[in-house]
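The chain below stands alone and is given as structure tokens, in the form predicted alone.
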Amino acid sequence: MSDLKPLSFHVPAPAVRPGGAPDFRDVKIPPAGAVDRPPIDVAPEDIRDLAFEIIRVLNRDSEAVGPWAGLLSHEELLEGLRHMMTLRAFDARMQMAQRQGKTSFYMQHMGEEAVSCAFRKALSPGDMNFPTYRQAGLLIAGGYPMLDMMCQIYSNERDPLKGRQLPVMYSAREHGFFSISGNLATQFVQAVGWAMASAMKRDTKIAVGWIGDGSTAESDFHSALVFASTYKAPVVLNIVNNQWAISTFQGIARGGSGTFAARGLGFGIPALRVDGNDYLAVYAVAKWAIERARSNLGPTLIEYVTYRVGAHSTSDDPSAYRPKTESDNWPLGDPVLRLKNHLIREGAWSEERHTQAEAEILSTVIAIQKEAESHGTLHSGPHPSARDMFEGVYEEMPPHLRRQRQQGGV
């Protein structure tokens, strides 16, 4: 026994720390158009390689190439570009509002706009998303009123949730957007359960679960995969791998699996990876997985390879754990610029029209912001009544809540 070497404890570490040179050598990027598009009824074991590839449509010359291309018209792509530009302008104004003390908290989507905006375009009315706090693009692209989003962020008198949620944790079920939970990973099991219920009712609606790379380490993630695979739930399970779980790099949660998509293989679930900064690729993969779910072929697990350009939230300082220039070196580029350049190459857009659209969108966002602020902000103006906290909890208010409301004088 004395000849045995002592055990060593392994802690994964990122390739580079603050002050070092950004390094993305471990991100293996195949050429655009190089990954085959299988039929939707393909057996999971026949596409195991897709859990390790990255499906891409836009190449370095801004051309749409390969078997996943050609699904959207120029008009549809221009609409998608405007959705992403709107989300980016909305982010900038709300980030500024937080710095001005008009709201307590905000989380940006910078660099990840294509994931939620393109996916929303592939859904049908009645389908239900179970999102995280970084999928506001589902609401923007789905036509949810931006005024309602801002009023919730400001916690003012027009807050649709009456101050019951954090500023960015929206809830709009009529728009296919289930209430966001601050407890990470819960939405994955909820999405699977909702999908199972839809199948039991013989409905036609599917569910979509969303999770971040860090949250895949939660037990709910694995429970969701068990139930989804066992009951062939009509659900699409999305992992947004933006490389960072707050200040923890994605390798901590990924472990030795190689990719997050590979986690689905052990459950017999078709698993794909897609370039999350390629609007066309995201839409194509979403369309494939949604059609599969709606055709009673069961769940699909998708990993979106993207990058969180900004801080995790307004409470975070990313310079403490990653190089300041890391986002500039991200090899998959900026989703807005990539789609813009593609449309310019196609002759459907121009630099001048893009500049004009930026100004128009910003003007619209500012006008809505002014209207929202006319109803109050965090520290000024009218707020939801304290009475609201007692409403909508039970179908019939129990005696103890009536007493508490009376004691509070509301």
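Since we're looking at a predicted model, the values are computed, not measured. Sequential numbering from 1, following the sequence displayed.
What comes next is about the form predicted in complex with a further copy of the same chain, which does not appear here.
Although the partner is absent here, H222 is a contact residue: one of its heavy atoms lies within 4.5 angstroms of a further copy of the same chain in the predicted bound form. Using a 4.5 angstroms threshold between heavy atoms, N242 stays clear of a further copy of the same chain in the predicted bound form. In the predicted bound form, at least one heavy atom of K232 sits within 4.5 Å of a heavy atom of a further copy of the same chain. Within 4.5 Å of some heavy atom of a further copy of the same chain in the predicted bound form lies at least one heavy atom of R48. This chain is displayed alone, yet in the predicted bound form one of A262, L72, L332, M110 has a heavy atom within 4.5 Å of a further copy of the same chain; that residue is A262. A293 is the sole member of A293, M85, L139, L272 with a non-hydrogen atom lying within 4.5 angstroms of a further copy of the same chain in the predicted bound form. Here the chain stands alone, but in the predicted bound form its contact with a further copy of the same chain, taken as any heavy atom within 4.5 Å, falls in 37-45 among 58-66, 363-371, 344-352, 37-45. Residues of 254-271 that come within 4.5 Å of a further copy of the same chain in the predicted bound form, judged by any heavy atom, are R254, G255, G256, S257, G258, T259, A262, R263, L265, G266, F267, G268 in sequence order.
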